[in-house]
Structures are given as C-alpha cells and as structure tokens.
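This document opens with one chain alone, in structure tokens, the form predicted alone.
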Amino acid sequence: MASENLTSTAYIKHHLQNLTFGVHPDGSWGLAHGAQEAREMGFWAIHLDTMFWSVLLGCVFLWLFRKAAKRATSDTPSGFLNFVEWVVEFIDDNVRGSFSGKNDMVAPLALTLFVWILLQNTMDLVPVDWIPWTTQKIAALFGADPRHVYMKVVPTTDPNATFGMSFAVFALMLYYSLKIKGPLGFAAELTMQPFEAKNPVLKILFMPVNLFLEGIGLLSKPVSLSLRLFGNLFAGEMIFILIALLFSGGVVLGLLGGALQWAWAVFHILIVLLQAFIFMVLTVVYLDMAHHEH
C-alpha cells in the first residue's frame, strides 16, 4: 500500500484513521487529510468507511436470510438453509431462556444484532492491508493522494458504531420501561430501591440516594455494552496491525509474522463470535428487565 515507506508509528496511525467527511475550519466540505483535520471537523463529521461497511454488511445479512427464507421448504434442509435454520433456532432458544416477557420484536432484534455484529467482527479476519491497499489504488486512478486515503473495514472498532447500536438498545429499554410500568412505576423503580423504609420521611430522604445509584446503573448499561464490543475488537485489530509490521522486516520475520497472523486469526474467531453473542444476550436481558416491575 502507499504507506509502505512510512515509519512503524505512522503505519499504525494510518491504519487506525477513519475516512472522515465533514466541514473544514474554512467552511468547506470535504475529506479529512489526517487525524488533525478529522478532529477539527468536530462531532458532526461522518466516518464514511464505518457507514459503508456497516450498511453493506447489513444488506448482505438481509439478502442471505431472505434468500434462505424463499428457499425454505417442509423437507429436511441442507447446506446453507440448514445453517440459517440452526442460527435461527440458536437465537430463539437463547431468547426463550433469557426473556420471560411477551414481545414478538425481541427475537428478530436478537437475530439481527447477532448476525450483523458477527459479520462486522468477521471483517477483522481480512488481512489488514488488502482492502486499504485496493482502496488507495482506486483513489490514485482518480487523482487522489493515496497517503490521505484511509479505510477501516471493521465497523465495530469504531466507537461511533458500537455506541450507536447500544444507544438504540437503550432507547428500547426506556420505551418499554415506560410502556410496561408507566411513568410513575418507572420513576418509583429508580427512586424506591435499593434503600427502602416505611417511615415517610426516611423514604423521601432515600429518594435522591436511590436515584443516584439506580441512575448510574441504568446509564452504565449502554456504555458498558458499547465499550466492551469496541475494546475487544480494537485490541484484536491492533494486534493484527502489529503482526503485519513483521512482513517488512525480511524473510525470517515475514515467516514469523505469517505464523503469528494465522495463530491469532484462529484465536480471534472465538472473540468474533463471543462478542456478538454477548452483545445479543445482554440486549435480551436488558429488555427483559424493562418488561418487569420490581
């Protein structure tokens, strides 16, 4: 790729930089040519690579499962159809075991989150230079400077993506908490526990303490949900990038890098699956909590 002549530090920074689109300080719209310009664009800047890959993988999920649904028959499934049915049954069993309420939306939501996040995580198994190198070559054909072309292909290594999904789950938690328990019931849940008292005065005094404790617990759910997924995938991507640096160190280090890359990819498959599963399970558990009064 165009970063072959960069130092190790610059190479790592290049791979960790998103393709950012936003408003420059002079008021013009365009792509950021580096981390500094990306920061200057502020909060409303868009990470085009994160948006592209997350939407593309979402479309792949919809296309594959729609194809499987159209081919479904009463006969014994085989091949890809058998795999899709196994995934659906796996998610359904987990939802039945974790969600005790009645809501037909929870199982499809769990399936969507699990498969979508799994596809995003799986992009971490693609060699780190393949897609960025291809992107830079295409950009060079249109006259762009390859040094300023960035491409992160793992959406879940971008906290904007993981926080976006977790905030959507948090919004559903609040919606069903208010719908099932009512505004007063939800307020009582936040202010009447964990400290309780029969004395009206003590009950009033405990309210701000309970609200503080329960508020922290409530707000920590989307934060932990997003940071857990982001942290694990970002660490995995960083290790792949560090291993890739070995390929520029000669034949011996290149062979070592190849062996390490294969070993880490095999181990990383577990992380890819586990993080998608954890996000899905916690979403179901949080929604179950939102459907029940204490």
Partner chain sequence: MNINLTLFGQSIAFIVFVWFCMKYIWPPIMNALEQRKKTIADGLAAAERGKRERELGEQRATEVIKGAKGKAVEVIASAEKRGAEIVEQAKTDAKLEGERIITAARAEIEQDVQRAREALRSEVAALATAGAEQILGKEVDAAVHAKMLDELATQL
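So that the term is clear: the rigid core is the largest set of C-alpha atoms that superpose within 1.5 Å between two forms. Positions refer to the first chain, counted from 1. The structure displayed is predicted, hence computed values, not measured ones.
FYI, the form predicted together with the partner chain isn't displayed, but the following is about it.
The contact with the partner chain in the predicted complex, taken as any heavy atom within 4.5 Å, belongs to 51 out of 253, 51, 239, 260. None of 99, 195, 167, 133 but one reaches within 4.5 angstroms of the partner chain in the predicted complex through a heavy atom, and that residue is 167. For the marked spot (185, 191 and 224), a heavy atom within 4.5 Å of the partner chain in the predicted complex is absent from each of the three residues. Among heavy atoms of residue 105, some come within 4.5 Å of the partner chain in the predicted complex. Within this chain, residue 124 is remote from the site of the partner chain in the predicted complex, having no heavy atom within 4.5 Å. At least one heavy atom of residue 234 is located within 4.5 Å of the partner chain in the predicted complex. The partner chain in the predicted complex is approached by residue 159, whose closest heavy atom lies within 4.5 angstroms of it. Contact with the partner chain, judged by heavy atoms within 4.5 Å in the predicted complex, is confined among 135-143, 196-204, 177-185, 84-92 to 84-92.
Of all the residues from 60-97, those having a non-hydrogen atom no more than 4.5 Å from the partner chain in the predicted complex are 61, 62, 65, 66, 69, 72, 73, 74, 75, 77, 84, 85, 88, 89, 91, 92, 96. Once both forms are fitted on their core, a CA shift of 2 Å or more is seen for residue 75 between this form and the one not shown.
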